[in-house]
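We begin with a single chain expressed as structure tokens, specifically the form predicted on its own.
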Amino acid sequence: MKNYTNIILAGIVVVLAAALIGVLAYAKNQTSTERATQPLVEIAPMEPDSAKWGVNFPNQYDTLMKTKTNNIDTTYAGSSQFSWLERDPRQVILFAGYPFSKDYNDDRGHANALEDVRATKRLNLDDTNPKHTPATCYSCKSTDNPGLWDRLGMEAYDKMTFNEMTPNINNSIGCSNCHEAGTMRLIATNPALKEALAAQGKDWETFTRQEMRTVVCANCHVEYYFKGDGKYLTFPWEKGTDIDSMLAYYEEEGFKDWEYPDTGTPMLKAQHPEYEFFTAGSTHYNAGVSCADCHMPYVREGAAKYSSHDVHSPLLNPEQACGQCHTDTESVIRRVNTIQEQVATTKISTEDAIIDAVTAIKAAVANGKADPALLDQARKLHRESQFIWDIVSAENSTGFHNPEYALKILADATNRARQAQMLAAQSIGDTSLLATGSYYATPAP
């Protein structure tokens, strides 16, 4: 009887021990305020070394490190750093006169951001040249930034050159870009984001956690420009985040990224406006879905549940990413493929229209007798049509983040480009400039 009792007690001890291990493993990987008050190690405010955060949150850190080697492509994009100029040679023409016509590679994972920004051929590192690359180009590339902004202020940071800032930047994108040490809450760390939201009368500190699972992405995944001689990082949101509001803002500011050669058009280069694009009334956004729900889905390992930080396309893990809401992921993938094919095809047609406009404007300028008013209207429409097209082109979803919006604004961009072509032709009375045609066969995805 005694032996039997001992066996029972031993079994209970084993069960309790296993349960305790499970509870501890689960607690170890939580990102809640309650968990963060009892860390294994204390993390300093704005700590740039993500490995130190990884002691408390190993699963999150380990998955973040996967972004270093994740180089899998999807049909229309991916993480392999392929050249957009090779995949779509039209873009060499569209960005003529601007560094993007020399080097335009697709983005790799977050862990590669710092290495890639230093490697791009778009940099001008001659500090004796007034067109040298500013430190502002580091703004979305490093966990060192929150601490530097706190110590220097963004104005002083942005006034430095890229070379001057380089010794201060040692870590790629990571924990401190999105989280507050100690509490682990999601926060806005980029001063430009805080200022842009404030300009709209919004206080990010009042947002819910689910809202912040999208807003933290806006620390970087947005349209922006470098304002004034100090190259001050600015989001053009003062009038709103839709296309026409941003265009109106740039028009009022008199801003241009460069002047298109042989046309005199003051051009704009869109950056990576995922936030503006997704929040412009998309189906998923209206349903309360966040960026993290799809790109950083929750996963389970034993008793631990955590958000994967291996940020990549949901097409690479649809069961985890899409399966949280959709039971038939195969049909979801088919729908994504259909949408992206339609947007990609429409985007190429828009590019052809813009190139036709460029050709007509060049001819009108070369003629030397163009009607100035008509030519200026053509330039304005060229500027607008290419920026609208670029919002879709530079946004990393081939339209899927907001399909209806993508097709709508591409149609608008095509319309403005054709109007520009027509006005340029009218400015010199040359109807031959109204000819249309595709400059390249549609490239393989």
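The shown structure was predicted, so the numbers you read here are calculated from the model rather than taken from an experiment. So that there is no doubt, residue numbering starts at 1 and follows the sequence shown.
Another form, the form predicted in complex with a small molecule, is not on view; read the next lines as being about it.
107 is the sole member of 107, 126, 244, 301 with a non-hydrogen atom within 4.5 Å of the small molecule in the predicted bound form.
Out of the listed residues 78, 230, 147, 240, 78 is the one that sits within 4.5 Å of the small molecule in the predicted bound form by at least one heavy atom. Using a 4.5 angstroms heavy atom cutoff to the small molecule in the predicted bound form, none of 92, 267 and 357 count as contacting. Proximity of residue 235 to the small molecule in the predicted bound form: non-hydrogen atoms within 4.5 Å are absent; the residue sits far from the partner.
In the predicted bound form, none of the heavy atoms of residue 364 sits within 4.5 Å of a heavy atom of the small molecule. Looking at residue 274, you'd find a heavy atom of it within 4.5 angstroms of the small molecule in the predicted bound form. At a distance threshold of 4.5 angstroms between non-hydrogen atoms, residue 160 is out of contact with the small molecule in the predicted bound form. The candidate stretches are 279 to 287, 345 to 353, 369 to 377, 197 to 205, and the one lying within 4.5 Å of the small molecule in the predicted bound form by heavy atoms is 279 to 287.
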